[in-house]
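What follows are C-alpha cells for two forms of the same protein chain, given separately as structure 1 and structure 2.
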Structure 1
Amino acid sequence: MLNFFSSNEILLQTIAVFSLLAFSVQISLRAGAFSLAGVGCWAIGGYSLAISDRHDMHPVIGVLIGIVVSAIISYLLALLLVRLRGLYLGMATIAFNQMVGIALIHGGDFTGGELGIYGIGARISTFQLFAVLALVSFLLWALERGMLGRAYNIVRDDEPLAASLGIDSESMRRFAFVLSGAVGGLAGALNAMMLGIVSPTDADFPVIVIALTMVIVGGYHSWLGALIGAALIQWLPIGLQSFGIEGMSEWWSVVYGLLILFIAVYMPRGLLGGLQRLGSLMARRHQDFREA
C-alpha cells in the first residue's frame, strides 16, 4: 500500500486538485447556469497564491486571497451575465477565461508575462490536499441536502415554478457564480502549491475542455460523479500507457472525443448515472426472477 501511494503520489495530488476544479464547474451547472468561469478563477487563484508567495506571505493567506479575489470577480461577472442562458452564457464565460489569460500574458513583472511565475516556495502535502477535498465535498453535500439545495433544484428544473414560490432565480444564480468562483480559486491556489509554477496557459481552452469533460463523464447530477470523472480523466493517459499503448499523447484529443460521444449517447447522466441505472436494472431482474 505504501509503495502504491509513493509511486502514484503526483497522480493522486492531481486527482484531488482537478476534483475541486470539477466541483467548481459542477456548482454552476447544478444551478442551471452553463458557466465555465471556474477555469478563469482557477488561474486567478493560482496567480494570487504565487504573487503572495513572492511577497513572503503565509501559504494560508495566499490561498484565502485567491478564494476572495476569485469570489469577488465572479460576483461582478454574475452581475453582467446572470440573465444569459444556455450556450450564450457558456460562450460568454469562455470569453472571460480568454480575457484572464490575455491579462496574465500582458501583466508584466506582476504576473511574469508569458513565462508566468515559477519557483513557488509554498508546498502542500497529499494528505492536506485530500483533507481540503474532503472538507469541500462535505460542505457541498450538506448544502445540497438543505433548503438551499432544494431551491436550486427548482430553479434549474422549472424557473416559473421557482418564481411562483417566491424564489429569486437571479439571486440564486449569482450565489452559484460566487461559490463556483471561490472553489475554482481554491483549486487553482492548491494547484500552484502542488506544481510550484503558474502560467497563462492555466486559463487556456484545453483546461476548459478537461474541466467540462470530467463533469460530463462522471455525471453532473452528483458530486461523486465529479470525483469519478476527475479520477478517470487524470488516470486514463497513464493507464493506457501502462497497458502498453504508446503514443497516446498524439491521439488523446481523439480519445476525449470518443469518450464524450460514448457517454453522451449511452450514459447521458455520466458513468455514475449509468452504473446506478445498471444496478437498478439488475435488482429489478433479480426481483422478477424471485417472483417467477
Structure 2
Amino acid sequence: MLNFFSSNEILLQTIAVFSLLAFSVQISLRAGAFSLAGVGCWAIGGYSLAISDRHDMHPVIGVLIGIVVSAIISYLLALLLVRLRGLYLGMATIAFNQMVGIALIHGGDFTGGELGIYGIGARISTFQLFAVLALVSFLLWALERGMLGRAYNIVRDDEPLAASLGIDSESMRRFAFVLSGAVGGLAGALNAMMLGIVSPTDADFPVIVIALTMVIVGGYHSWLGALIGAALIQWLPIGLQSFGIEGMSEWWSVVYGLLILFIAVYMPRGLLGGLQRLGSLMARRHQDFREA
C-alpha cells in the first residue's frame, strides 16, 4: 500500500488541487452566476505564491496574498459585470482570464515574461493539501445546506421568486463570485507549490475547458460532485495509461472523450447524481427485500 501512495503522491496532490479549482467554478455555477473567473484567479493565486516565494516570504503568507488578491479582483469584477447573466457573464469572465494571461506575459521580470516563474522553493505535503481540501469542502458543505442552501437554489433558478421572499440575489451572487475567486486563488497557490512552476498559460482556455468538464461530469449541483469530477478527470490521463494496454499512450484521450460524452448524456446530474440514484435504488431494493 505504501508504494501505491508514494508512487501516486503527485497524482493525489493533483486531484486535491484540481478539486479546489473545480470548487471555484462550482460555487458560482451553483449560485446561478455562470462565471469562470475562478480560472483567472487560479493563475493570480499561483503567481502571488511564486512572487512572494521569490521574495523569501513564508508560503502561508504567499497563499494568503493569493487568496486576498483574487478575492479583491473578483469583487471588483462582480461589481463591473453585475448586469450580465448566463453565457454573457461566462464570456466576459473568459475574456478577463485571457487578459490576465496576457498581463502575465507582459509583466516583465516581475512575472517572468513568457516563461513564467520556475524553481519555486515553497513545498506542501500531501497531508496539508488534503487538510485544506477537507476544510474548504466543509465550508462548501455548510454553504449548501440549511437556509443558505435553499436560498442559493432559488437565486439560481428563479430570481423574481427570490426577491418576493426577501432574498437579495445580487449580494448573494456577489458573495459566491468573491468566494469562487478566493478558492480559485487558493487552488492556484497550492498548484504552484505542488508543481514548482507557474506560467502565463495557467489562465488559458484549455484550463477553462478542464474546469468546466470536471464540474459538469461530477455534478455541478453540489461540492461533492465537483470533487468526484476532479478525481475522475485528473485520474483518467494517468490511470488509462497504467493498465499496460498496448497503444493506450496514443488512444487514451479517445476513451477519455467517450467517457465524458457518456456521462454527459446518460447521467443528467453527473456522477454524483448517478451515485445518488444508485444509492436510492439500492435502498429501495433493500427495503423491498426486507418487506418481501
Partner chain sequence: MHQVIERDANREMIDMQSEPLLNVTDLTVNYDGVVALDHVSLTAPAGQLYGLIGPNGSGKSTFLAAISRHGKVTEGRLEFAGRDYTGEPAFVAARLGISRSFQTVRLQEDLSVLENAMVGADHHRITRPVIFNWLRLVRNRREEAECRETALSALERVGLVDYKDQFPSSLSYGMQRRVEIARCLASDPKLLLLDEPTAGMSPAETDDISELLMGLRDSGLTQILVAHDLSMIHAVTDHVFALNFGKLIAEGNSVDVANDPDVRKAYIGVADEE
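What you are looking at is a predicted structure, and each value in this text was computed from that prediction instead of being measured. Note that the rigid core is defined as the largest set of C-alphas that superpose within 1.5 Å between two forms. Residue indices: 1-based, along structure 1.
Identity of the form predicted on its own among structures 1 and 2: Comparing the pair, one sees that structure 1 is the form predicted on its own and the remaining one is not.
- prompt: residue 148: CA shift of at least 2 Å between structure 1 and structure 2 after core fit?
  reply: Yes, residue 148 moves 2 Å or more.
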